[in-house]
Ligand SMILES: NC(=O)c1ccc[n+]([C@@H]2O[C@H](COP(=O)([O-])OP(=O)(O)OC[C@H]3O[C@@H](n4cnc5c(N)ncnc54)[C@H](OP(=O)(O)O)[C@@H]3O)[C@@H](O)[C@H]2O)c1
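First, one chain by itself: the form predicted on its own, in structure tokens.
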């Protein structure tokens, strides 16, 4: 039975990853900041006959990451999915382009966005690289955003979020080179699409089922040869 670890598993895209992988017979390590508040995830775990286990994890807290890596030290992890992310204070879904505009920067919030969106995936990869290397599939995936594409930015704005996603793209590109040669691990970024979640809002293009189903197909076909690209959920590629 293959194993997947998913961060940000309490809702939205992360929760749908848990649901779909469990339905396909995978063992799922579902990681959330506050397990007691993740009622939908807890219900899913209770109905999974042990396939889904819920683990406390705060990607901002490196001690929390290290503690979980130690607790799971005997576990090979076939696919590590860094799904946890934030746009920061405020909401693009509610505010539109007024959110994150020039002149309104909250630099304390910038720092938190970077801790979660950039440093978090890097720390997760370093803490769990041994678990992934011991598995059969050996894959690390970080969810990014089309808003991190410099080549596709034609409207400006959303400074902190755009910058964090461009940064994590660079992190994962380097990781794809280093880990492929050293440990045979395929590492990549993936844009889930504009998805109808709390972050994406009700007017977004696609639902979580469509997004996650598409990303899982890309993950299934991921190799060290095609890793390190800026994938769309539908298998197409984005410009950096």
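Predicted model only: the values in this text are computed from it and were never measured. Residue numbers count along the first chain shown, from 1.
Just so it is clear, the following notes concern the form predicted together with the named molecule, a form of the same protein that is not shown.
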query	finding
Contact test in the model of the complex: residue 83 vs the named molecule, heavy atoms, 4.5 Å	yes
Exercise: residue 172 in contact with the named molecule in the model of the complex, heavy atom 4.5 Å	no
Partner contact for residue 77 in the model of the complex: the named molecule, 4.5 angstroms, heavy atom	no
Residue contact check: residue 185 to the named molecule in the model of the complex, 4.5 Å heavy atom	no
One stretch from 32-40, 66-74, 47-55, 172-180 that, in the model of the complex, holds residues within 4.5 Å of the named molecule by heavy atom	32-40
Sole residue of 129, 118, 160, 143 within 4.5 Å of the named molecule in the model of the complex, by heavy atom	143
4.5 Å heavy atom contact with the named molecule in the model of the complex for all of 13, 60 and 165	yes
Neighbours of the named molecule in the model of the complex among 187-212 [non-hydrogen atom within 4.5 angstroms]	191, 192, 193, 194, 195, 197, 198, 199, 200
